[in-house]
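Single chain ahead, by itself, as structure tokens, in the form predicted alone.
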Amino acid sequence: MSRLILVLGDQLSPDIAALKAAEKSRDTVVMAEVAEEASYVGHHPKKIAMIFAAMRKFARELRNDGWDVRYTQLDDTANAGSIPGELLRRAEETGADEVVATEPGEWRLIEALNDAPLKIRQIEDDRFLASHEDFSRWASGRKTLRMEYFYREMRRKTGLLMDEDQPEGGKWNFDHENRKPAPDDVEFGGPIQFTPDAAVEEVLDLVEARFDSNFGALRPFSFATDRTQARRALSHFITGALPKFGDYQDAMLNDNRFLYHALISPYLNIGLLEPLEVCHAAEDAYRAGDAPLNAVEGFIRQIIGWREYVRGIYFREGPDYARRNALNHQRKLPWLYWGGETRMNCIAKAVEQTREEAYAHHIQRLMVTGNFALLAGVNPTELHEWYLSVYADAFEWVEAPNTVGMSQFADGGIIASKPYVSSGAYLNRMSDYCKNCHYQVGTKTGDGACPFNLLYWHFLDRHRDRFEGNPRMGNMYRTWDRMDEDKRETVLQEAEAFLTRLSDGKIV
């Protein structure tokens, strides 16, 4: 009997586990654009278009390679609307008695396949460097699961930036060199822009018709949608931006959305690029003298360190991880995250960029939109669903740990050793946002006081029982305690007034 080989929209790799386990002569590949996957959150139209276009091109590649591919487009009249439904339909059509699938990257879909009335064998996705067993073995018996130590294991395993058994340059981590504020001039013109071909235009028309009410601008569309384009995007970054990526990876500018960032994470996460392919390209640039060690180490750490680590956490912690709320934050996600008017320039810029590009870099997510949500006590599940919706690279295995763990401390400290909160001073140091803001970053209370300044102390005060014993936060509480009592009371009252306005839907 033949089998069905399921290939999902984020599994567009020719050596994906399910395809490696298949027999071209007798098995049938199933790919489907289904409403359930396109709408379980309100995905950014650019994200939907990128995935659908890449899926169609990948299906064409498989057919050209001799595979029998049964592909369902979203507007096909026979479309069952879900992945299990499409598998049932194709099983009846072909007489297949088994499905082979590469394990999805979201518990939601893993469980849906487990519950389907079909024999479905899920194989672990081996495109990652650390298997579930590898990560569990590393984590076993550790009191804390800090990424830095996992990253060192990945360096040893891959041999990347190693000098025999020692790290290149004598240190594992050069992050202290990668925190420069925004430069006056950016010499990189940004990620490469791809003009949509006829196949992509067809998808854009479909998405425009079906998802016109979703948050986000569909056009102009310039994402890569096949491996050739993705490799060009990687080469463009390595040549033009990697040398200064490290220095300015945390910087933010009003009038430059990309600085020296690669914008290749969507291509990694849907399978158009492979992790080691990307890392070797960066390492080769270092070995050739074309990029400094701090830039290359910082870039490689994001891929074999952070990316692999958060996946390990997601699968180790289980299906409930994305719903955790250790700080019991219950505020509804403010409308300003969906483009509602705000006087906070940093938030306005980050949301505007997100709406137009389906992209914001890690510090914009962590220290602008994430920092504000944490300080304001926003429900982390609502924020998680927002991030999952609005970014082209967002899939739950990578997005949930970054949001729930790193950004919102909602996992109680599994990932982060302390909450990532800051006043306006950090944003002023790392960006030029404050220069164009209604609020004054140097004003602590009263008219024009920066909301981040007020909310920072309000957060520390309301969570004192949990955090004052944290060795990384002691200085913050000592500073708070040294303030005049009347000043502390003013800060708390003004923060409460701001939060009330926020909850009431008023412009803040």
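Quick note: we count residues from 1 along the sequence shown, nothing fancier. Model, not experiment: these values are computed from the prediction.
Separately, the form predicted together with ligand FAD exists; it is not shown, and the next lines address it.
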Exercise. Heavy atom to heavy atom, is residue 207 within 4.5 Å of ligand FAD in the predicted complex?
Worked result: no
Exercise. Does residue 306 make contact with ligand FAD in the predicted complex, using a 4.5 Å heavy atom cut-off?
Worked result: yes
Exercise. At the 4.5 Å heavy atom threshold, is residue 146 in contact with ligand FAD in the predicted complex?
Worked result: no
Exercise. Does the 4.5 Å heavy atom contact test between residue 324 and ligand FAD in the predicted complex come out positive?
Worked result: no
Exercise. 227, 329, 361, 155: which sits within 4.5 Å of ligand FAD in the predicted complex by any heavy atom?
Worked result: 361
Exercise. Using a 4.5 Å cut on heavy atoms, which of 215, 150, 174, 387 is close to ligand FAD in the predicted complex?
Worked result: 387
Problem set entry | Residue stretch of 87-95, 333-341, 254-262, 286-294 approaching ligand FAD in the predicted complex, non-hydrogen atom distance within 4.5 Å | 254-262
For this session: Any residue of 391-422 with a heavy atom within 4.5 Å of ligand FAD in the predicted complex counts; write them all down in order.
Result: 393, 394, 395, 398, 399, 402, 403, 406, 407
